[in-house]
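What follows is a single chain, given as structure tokens, in the form predicted alone.
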Amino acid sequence: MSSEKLKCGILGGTGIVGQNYIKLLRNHPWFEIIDIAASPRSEGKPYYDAVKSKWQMDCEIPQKLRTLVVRNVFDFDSLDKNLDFVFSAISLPNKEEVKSLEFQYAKKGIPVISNNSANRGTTDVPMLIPEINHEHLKVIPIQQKRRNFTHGFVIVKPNCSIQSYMAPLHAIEQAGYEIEKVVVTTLQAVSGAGFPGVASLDIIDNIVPYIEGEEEKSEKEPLKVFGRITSEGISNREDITFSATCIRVPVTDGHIASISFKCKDTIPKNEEIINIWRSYRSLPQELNLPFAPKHPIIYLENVDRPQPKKDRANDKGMAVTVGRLRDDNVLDYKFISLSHNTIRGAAGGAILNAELLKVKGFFEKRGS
């Protein structure tokens, strides 16, 4: 029943990622949206009026949210006392403002599940892909103690592009084959640029071989996801190197990655890697979380797959679809991998994080 659901809010609810949260949470069995916050220019408007022609989802705005009055994201006095946690997709002029804002909500006792990059490099903030590093939730008490948070905390999800290849690499390592070098080229959909995104004259009949900040994120963030827990938080892994090139392509949704990798010592056989991928399961699958894909990695035999148009929606848009595993003449192997950047890579991935937090007891009902 609705009254049994945890009450959540969306910081940045008028943007593309915020809209995706609204779409994906419409019928969620555990969570109910009761608060939408945005920049001061949307303050006081019914959500429908604040969004209007900016609504980009392939569904209508839910009726119960159309008249919900948008709160100023900086207005803490109007916070609903029943608000249990928030998703953060707010866009501000600089990262320090975002970082400060998210910690302010945590200080108020409200857990923050963030899509933003501002806190991804913060040592005591877990950066979760639940299948890979769910044990990093152990950092939350460290964060709360260091920052004097009672019930609040901040966790983040990584960049959308790295989620298309991190699970396949993790599966190989989990099977006992340590990887030391990864070279990746991502072909990233235009939806990753938000709204209005890339200018039409820049992307139609064209590709753009540069996305500001993406290559740096793609090389650094995997090291934290693969990092170890210390008394201070997360220590990045140092024995693996990533080299990334990120390209914008005229595709609506779905980030493709071409990956080559080298193992440190023992090299698995081709058939073994495919079996490793197909049998890969982790905690979200064991817990049967609502947004968890039943098969986190789907391997396709077709030589021309995966393709964004045909494969991005696999398993609720939450699976990573892989193909074309073959020998590499420079490293050991190479493959093609695909994930849905606005579902698994954004709102859906954060919702899965929230589900894991709920099951692990990190949310505390604030209302009566």
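Numbers for residues come from their place in the sequence shown, where the first is 1. Small disclaimer: the values here were computed from a predicted structure and weren't measured.
The form predicted together with a small molecule exists for this protein as well; it is not shown, and the discussion that follows is about that form.
Taking non-hydrogen atoms only, S91 approaches the small molecule to within 4.5 angstroms in the predicted bound form. Contact annotation for N115: at least one heavy atom lies within 4.5 Å of the small molecule in the predicted bound form. None of the heavy atoms of K99 is located within 4.5 Å of the small molecule in the predicted bound form. Though the partner is left out of this view, S42 does reach within 4.5 Å of the small molecule in the predicted bound form, counting heavy atoms only. Exactly one listed residue, out of R326, R66, K54, K309, brings a non-hydrogen atom to within 4.5 Å of the small molecule in the predicted bound form: K54. A heavy atom within 4.5 Å of the small molecule in the predicted bound form is found for one listed residue only; from R281, R120, K220, H134, this is R120. Screening 139-147, 178-186, 91-99, 203-211 for residues having heavy atoms within 4.5 Å of the small molecule in the predicted bound form returns a single hit, 91-99.
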